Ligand SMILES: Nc1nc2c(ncn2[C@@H]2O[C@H](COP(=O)(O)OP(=O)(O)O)[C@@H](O)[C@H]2O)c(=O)[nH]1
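Just the one chain here, the form predicted on its own, laid out as structure tokens.
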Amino acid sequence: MKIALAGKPGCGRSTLFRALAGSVDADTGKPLTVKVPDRRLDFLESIHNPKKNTHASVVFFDVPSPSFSTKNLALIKNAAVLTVVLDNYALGDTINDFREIESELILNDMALCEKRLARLTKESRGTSREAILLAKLLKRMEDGSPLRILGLDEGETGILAPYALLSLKPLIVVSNRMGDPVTPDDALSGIVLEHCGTLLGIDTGFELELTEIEENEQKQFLESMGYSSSSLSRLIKAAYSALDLIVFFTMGKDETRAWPIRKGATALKAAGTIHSDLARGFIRAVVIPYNLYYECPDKILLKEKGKLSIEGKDYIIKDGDIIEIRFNV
């Protein structure tokens, strides 16, 4: 998963990037790959002591200012989630800043859609499903509506996928201000919610200071300041939610691994996520809910108790499922 950090100059975007990297000296010009913290996976590792323990990963990009210039658009277009950082330290006009940024996203999308629609019309495809959809989107964007609020169906988003439209991307808004703990103001919360975004209050300066504290002391310091988790954990959690992702696990002596997957995915889709051969030769899936395994980390005993679930290809994966795919190719 790729997450782009964008915002106006001086908003705290690069400070947040360094905090996420865990170092004041982090190179903001390079992508930052971080492991997704997951205590469930750590528990599986403690039980199996595998050769490898593979966390899911997230890649952050610090989009330099001006973030929405033509030069920098590629970084945003390649991201699965857009995170906009607003400077709220002086309790300035963050709502106006947010509206300006949304307008830039919409204007970029309008230009792309107009260009594509003109080409379809020239090619005598002005009444195609794609052209009709683009015309509908342009009308809504002219009213100032970002595409993410329109509730497009799967077929429509499939048509638009190659365009990487900016205002269609899941949006996280970071209100960068001091607090104990930080709480975003209600007015900003309201407008971000209207635009189908997620608002997080983060003190980027505090988060960067946190990186200078020994790792084993960070949790206690966070809690003493009124925080339950770091900005990294909160951002990743928000991104997973925005993309409607859950996690399933595979385990064994060779490797324990976390696999992000869309909510509602089937066992067959999970098999294909692991390896295409598993999907091609799928027979069944052996499923153990994580909570059951945590209480009794013994597959043989769980089988004797009838706790192992044997599922077909249409089984809907649940968050935390531990899965073993039986297959034959």
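Numbers follow the displayed sequence, beginning with 1. Please read these numbers as outputs of a predicted model, since none were measured by experiment.
Separately, the form predicted in complex with this ligand exists; it is not shown, and the next lines address it.
For the candidate set Ser167, Asn176, Thr83, Thr256, a heavy atom within 4.5 Å of this ligand in the predicted bound form is found for exactly one residue, namely Asn176. The partner is absent here; in the predicted bound form, the one residue of Gly126, Gly252, Gly205, Gly190 having a heavy atom within 4.5 Å of this ligand is Gly205.
At the 4.5 Å threshold, heavy atoms of Pro9 reach this ligand in the predicted bound form.
Although the partner is absent from this view, Tyr89 contacts this ligand in the predicted bound form, with a non-hydrogen atom inside 4.5 angstroms.
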